[in-house]
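Just one chain follows, in the form predicted on its own, and it is written as structure tokens.
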Amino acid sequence: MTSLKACEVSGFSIERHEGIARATVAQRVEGCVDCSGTGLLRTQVKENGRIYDVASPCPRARMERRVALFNDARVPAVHAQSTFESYKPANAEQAQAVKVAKEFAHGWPSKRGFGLSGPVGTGKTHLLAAVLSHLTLEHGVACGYVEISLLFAQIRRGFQEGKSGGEIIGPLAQLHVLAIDELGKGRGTPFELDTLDELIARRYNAGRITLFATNYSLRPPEGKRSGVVTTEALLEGAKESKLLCDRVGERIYSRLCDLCDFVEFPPQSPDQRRARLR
């Protein structure tokens, strides 16, 4: 088999841009052979005495596609340079979280996602960002990141523009991997719970992989509620609860248990952001 020289690519850079991490492919190396803008390279294959022309993706075009997937994922700008290697675990649970995240990313395709729980500043979003970066740039997987309270706000603005919540949720439901941050955050209104329920249900039914991070405990509630409890009372009680199950409702929590493996950091886990200021 003979082949033309592939397009040479000198890599890409990732910087902060308007609130998200944005990657840019470097300029072509001087003198390299490219694909004339087609995104394909022709090779010749000899088989059974006959020569066939075969088109294969140009390496640069492949990288540009993966960079576009990374940009579409909308990783937070503050995590533009977050990697597995730059995460410094402070306890066994955080070391386990790094192991789970790396095995998930490097072992793609995976059948289950994972969820991280712990105090603020303990690196949960860092690990989500590292996973999304690896999946998009190394595997070419369509991914997305969303902070749940900002999604609620986006849908409310959409209502004013005549859009339905389904129009905004639809694309998120179809992504191969979606990372939901700050799960459980919000006022716990029927609108918020219905929105989250629709998003999780659509991804669950489609067999899509979901990741999440939360500040609320992943421990299931102790025992069953007894007596007759009104919906209003449940919603009011959930606002003060420290359990994710209460914050999102038993239906959503049950589906998360089926979708994800859980890792919970101890309450005393240090705030890494504060530590950097010392």
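What you see is a predicted model, and the numbers here were worked out from it, not measured in a lab. Position 1 is the first residue in the sequence shown; the rest follow in order.
The same protein also has a form predicted together with a small molecule, omitted here; what follows describes it.
Remark: of stretches 115-123, 99-107, 193-201, 156-164, the one touching the small molecule in the predicted bound form is 115-123 (heavy atom within 4.5 Å). Residue contact check for residue 43: none of its heavy atoms lie within 4.5 Å of the small molecule in the predicted bound form. Although the partner is absent from this view, residue 86 contacts the small molecule in the predicted bound form, with a non-hydrogen atom inside 4.5 angstroms. Using a 4.5 angstroms limit between non-hydrogen atoms, residue 79 touches the small molecule in the predicted bound form. Although the partner is absent here, residue 215 lies within 4.5 Å of the small molecule in the predicted bound form, judged by heavy atoms.
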